[in-house]
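What follows is a pair of forms of the same protein chain, given separately as structure tokens and numbered structure 1 and structure 2.
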Structure 1
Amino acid sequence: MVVETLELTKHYSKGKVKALDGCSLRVEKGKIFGLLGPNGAGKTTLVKTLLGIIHPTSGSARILGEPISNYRVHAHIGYLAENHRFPEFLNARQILFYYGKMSGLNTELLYKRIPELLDLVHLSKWAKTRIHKFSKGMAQRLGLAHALLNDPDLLFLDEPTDGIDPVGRKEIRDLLISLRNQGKTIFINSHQLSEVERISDEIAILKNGKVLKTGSVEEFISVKQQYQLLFTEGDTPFSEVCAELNIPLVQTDGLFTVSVESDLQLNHLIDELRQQRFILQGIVPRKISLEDYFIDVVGEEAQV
């Protein structure tokens, strides 16, 4: 495991704010891992905790096999911070130089690597421009180049495509896939499903500091078949039947939704209901996609 957290908890204001609330996650080597959640879910807090920027209230975590308190492991980690800031009096090249030095890279290597990276993020033309003139998108691309300086094994990207235009987003996605294909592990935080859905191998959904669900993208998309059952008489209690058959049942706004493993199980349920003289009015299939699931759990506010 490249990232492993165990019951990680971070409280603010003496426990009034639970930014992380018993968060347990595992990320395998060579995967693109997407951490999804609405604003304020605790994604940034999690990444900062993994990097030793925030000290957890309780729980433990390891990255690249080392406890998070070991700062030396940062030599193999790249980090694109949300709303990062570089000294404004420096130009792009100087920033990569000084911060590369801080990562322990030598001058020779930096002289070779900096032009390559500036080229990769299309900033070569602005290499000697002081960054206070940079737009949000340019700053973000510089941040990405900075995160790749030390050729990291594990890359943390906190809202990486913020402020970047659609063409740039596509380029970043392609870049991340090629990095993944080189065996690197990439951990992406995002509140936008569309950003991670297409490239992630694994997804976790975080809300109120808790991991609600993890799995591969396929698992999310092909969730169990769901059906809405309509009855003539409003609130017909048939939860016992479902419980007996071990079928999950959700009741929202007078609608009954059951999740079944197969058509056979659905028919079995109908048989049971008919035998007990429930009057069915209709059965409506409800396909659940990752997006539906995401909207379900995180609410509308996330889809900006």
Structure 2
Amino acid sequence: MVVETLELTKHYSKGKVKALDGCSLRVEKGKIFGLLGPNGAGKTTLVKTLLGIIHPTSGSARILGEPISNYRVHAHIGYLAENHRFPEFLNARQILFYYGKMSGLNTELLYKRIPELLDLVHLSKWAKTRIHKFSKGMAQRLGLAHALLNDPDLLFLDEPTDGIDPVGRKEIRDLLISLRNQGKTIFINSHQLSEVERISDEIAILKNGKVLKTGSVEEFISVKQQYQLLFTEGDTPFSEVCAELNIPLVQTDGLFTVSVESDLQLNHLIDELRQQRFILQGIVPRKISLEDYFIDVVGEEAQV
């Protein structure tokens, strides 16, 4: 595992505030992992704990196979903080050079790497432009280039597409997918659920310092045993076929959604439709948005 936590806790005010409360999760190599949660859930605390910025109260965590107390592992990590700030009197190229030198990268490597990264995040034309003239989106792109300076194996990104227009978000998504395909692991902390849904392989929902749910995007948004059917009507109305088989049916905007108890019952329905001379054009598992799922999970937890 690239990231692994076990019962990780972080308490403040002599235990009165539990920013992390027994947080356990695992992130595999070469995956894009999305961390979701409402404000105050403990997402930023978790990332800062993993990076050694703050120390846990109890529990354990490992990054790239090493305990988080081993600061040498940071040489293989990139980090984009939320609302990061760069000295505004410097230009983009100078920012990457000086921060690279502070990270211990040699000058020859930086001269080669900086133009490549500015091109990668589409800032080549603004390489000599001072930061005070940058939009929020441009500053965010520069922050991503900074996180990639050391060609890290693991990237922690806090709201990576914040302030970026739709075209820019698409470019960032494509970049992150390309990095994942190169074998890098990407840990994203974001409020933008649609962005997380588009690119994440695995997701965890955090609330009150606890992990409520983990799983793949498909597991989160697929509704178990519900299917939308597309067809040309046969000899018997579709509603009558479903009623005869005791299968609940919902029709919305011309789409028919059935709820079955098992795959066997679905196949019985399909057999009956064929006997009634229906022409099936599609059977699609019903899905909901990640936002809907997130609201349901967080809402359920609040009612417990």
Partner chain sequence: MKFLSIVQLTFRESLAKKTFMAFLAISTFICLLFIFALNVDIVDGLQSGVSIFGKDLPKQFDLTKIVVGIEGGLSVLLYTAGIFLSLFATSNLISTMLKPGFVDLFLSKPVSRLQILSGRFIGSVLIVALNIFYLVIVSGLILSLKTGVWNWGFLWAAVIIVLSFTVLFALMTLLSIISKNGPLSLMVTYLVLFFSPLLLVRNQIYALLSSKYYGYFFDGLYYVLPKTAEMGAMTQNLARGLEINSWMPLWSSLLFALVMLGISAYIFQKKSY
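Definition used throughout: the rigid core is the maximal C-alpha set that superposes within 1.5 Å between two forms. Numbers given to residues start at 1 and step along the sequence of structure 1. Keep in mind the model is a prediction, meaning the values are calculated, not measured.
| Form selected (criterion: the form predicted on its own) | Structure 2, not 1.
| Honestly, after the rigid core fit, is residue 270 moving at least 2 Å at Cα between structure 1 and structure 2? | Yes.
| message | Using a rigid core superposition, assess whether residue 247 undergoes a CA shift of 2 Å or more between structure 1 and structure 2. | response | Yes, shifts by 2 Å or more.
| Taking the rigid core as reference, does residue 260 move its C-alpha 2 Å or further between structure 1 and structure 2? | For residue 260, whose C-alpha is compared between structure 1 and structure 2 after core superposition, the shift is 2 Å or more.
| task | Report, in Å with one decimal, the C-alpha displacement of residue 279 between structure 1 and structure 2 after core superposition. | result | After core superposition, the C-alpha of residue 279 moves 36.4 Å between structure 1 and structure 2.
| query | What is the magnitude, in angstrom, of the C-alpha shift at residue 13 between structure 1 and structure 2 when the rigid core serves as the superposition reference? | reply | For residue 13, the C-alpha ends up 2.5 Å from its position in the other form.
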